[in-house]
Ligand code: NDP
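Shown below, as structure tokens, is a lone chain in the form predicted alone; questions about how it binds or moves come after it.
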Amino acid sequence: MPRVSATKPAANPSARKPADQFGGPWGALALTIVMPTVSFYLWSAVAQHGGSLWLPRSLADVTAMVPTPTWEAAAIFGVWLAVQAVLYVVSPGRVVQGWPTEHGERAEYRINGLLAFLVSAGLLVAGIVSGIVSPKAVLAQWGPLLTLCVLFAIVAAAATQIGGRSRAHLERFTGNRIYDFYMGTVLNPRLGRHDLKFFFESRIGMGSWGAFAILLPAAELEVHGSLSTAMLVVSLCQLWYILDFFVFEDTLLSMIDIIEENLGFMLWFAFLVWMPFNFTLQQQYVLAARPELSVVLAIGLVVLNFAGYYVFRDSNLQKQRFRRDPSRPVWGKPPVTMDTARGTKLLISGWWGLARHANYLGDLTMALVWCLACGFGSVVPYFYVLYFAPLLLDRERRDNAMCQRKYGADWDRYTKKVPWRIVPFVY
């Protein structure tokens, strides 16, 4: 629900966040254990069990699920991290300020992700074509890379938890060490002028996902001598999605990840592991199982993917344009808005008059397409949509609760005018 703010949040230095998300401290502890376990299990399902679900029958099965780190994997990770850091610092781009915190602090962000991603992708493709980079060799280090990234996330979460407590007068957290380790104690940790959360979400999370979406089809070509239709559909659709992210990289600054959520284990793990390793499960599965996909079905899935993309991108553009200019026409007509007691306006026309989060509908449609391209031989490649749907449902509920606190009775009026949450006339 796009809204235009005319007020600045009041400072409240003594306030502490309640430990009420994800089941509180016990839920945070469970997720801290479950997230790495799920990631290792899914890697094992593809790499060791041909893309099928499996049940460990001994301690040896469990330990085999966690690959031992290697120096080769460490070198790959180190070089990639260094290249992204250099490109972030030296590539030309706009420097913009983010939203002010409740204490008036504003972090700086360098918006040059599109150029950095294109350069990274170009270097990667050139390395593959020239033979300097072997996709098959990188694939052999996939498990060790996964373990290294999990360990990095744990260490980074511990470091930022300590850093947040040193800024206790400027940060908001609960005081419960387990919960704060998972959720974080610092909103915008910086290295110099650079926001680490923005860098790791954009350049490492999305950038690594993009690199893997190039490496995996290249590995299929190297191993099998041809590209399957399923690999082509999934990789091209994902690369379009990732490229779109970098084209509109500045919109990340208004997302809940950046403006609301502290950088704790949840986000560190998401950026380093969950996004690049689990979001490419479709390609990993295709490489292992080689499912068949007819050309006719492939065309239908691509059309559905871009229909979802249109809803996703057009609804987000409506939101952004409304925030910049509340009088700008929506679908060729003057926007329908609702005034609030805060002095703000809520948009209730266009996509945002049909549902409060129509953009989520587009996102979920694309997610489903990537999974359907893998056929029905296993549930493993469907992990993305099975995880993503509850995530967006939860995010919509959290956003709704935040807006209820912010707007009060005005939000009740708004939800009566726009009753559908994500899917018009359904939900």
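Predicted model, so just to flag it, every value in this text is computed and none were measured. Start at 1 with the first residue shown and count on from there.
Heads up, the form predicted together with the ligand isn't pictured, but that's what we're talking about next.
| said: Although the partner isn't part of this model, could you tell me whether A213 comes within 4.5 Å of the ligand in the predicted complex, counting any heavy atom of the residue? | reply: Contact with the ligand, no.
| message | Is it the case that H357, even though its partner is missing from this view, gets within 4.5 Å of the ligand in the predicted complex, heavy atoms only? | response | Result yes; H357 sits at the interface with the ligand in the predicted complex.
| Does at least one non-hydrogen atom of T174 fall within 4.5 angstroms of the ligand in the predicted complex? | Judged by the heavy-atom cut-off of 4.5 Å, T174 is well away from the ligand in the predicted complex.
| task | Answer for Q141 alone: is it within 4.5 Å of the ligand in the predicted complex, judged on heavy atom distances? | result | Q141 lies outside the contact set for the ligand.
| said: If the criterion is a non-hydrogen atom within 4.5 angstroms, does every one of Y384, C403 and W411 touch the ligand in the predicted complex? | reply: Each of the three qualifies.
| query | Which among 287-295, 130-138, 80-88, 322-330 is in contact with the ligand in the predicted complex, heavy atoms within 4.5 angstroms? | reply | Heavy atoms within 4.5 Å of the ligand in the predicted complex occur in 322-330.
| message | If the cut-off is 4.5 angstroms on heavy atoms, which of these, L347, L148, V273, V233, is the one near the ligand in the predicted complex? | response | Contact check passes for L347.
| Of F265, F199, F312, F246, which residue is found within 4.5 angstroms of the ligand in the predicted complex when only non-hydrogen atoms are counted? | It is F312.
| field | Residues in 384-398 with any heavy atom within 4.5 Å of the ligand in the predicted complex | value | Heavy-atom contacts to the ligand in the predicted complex: Y384, F388, L391, L392, R395.
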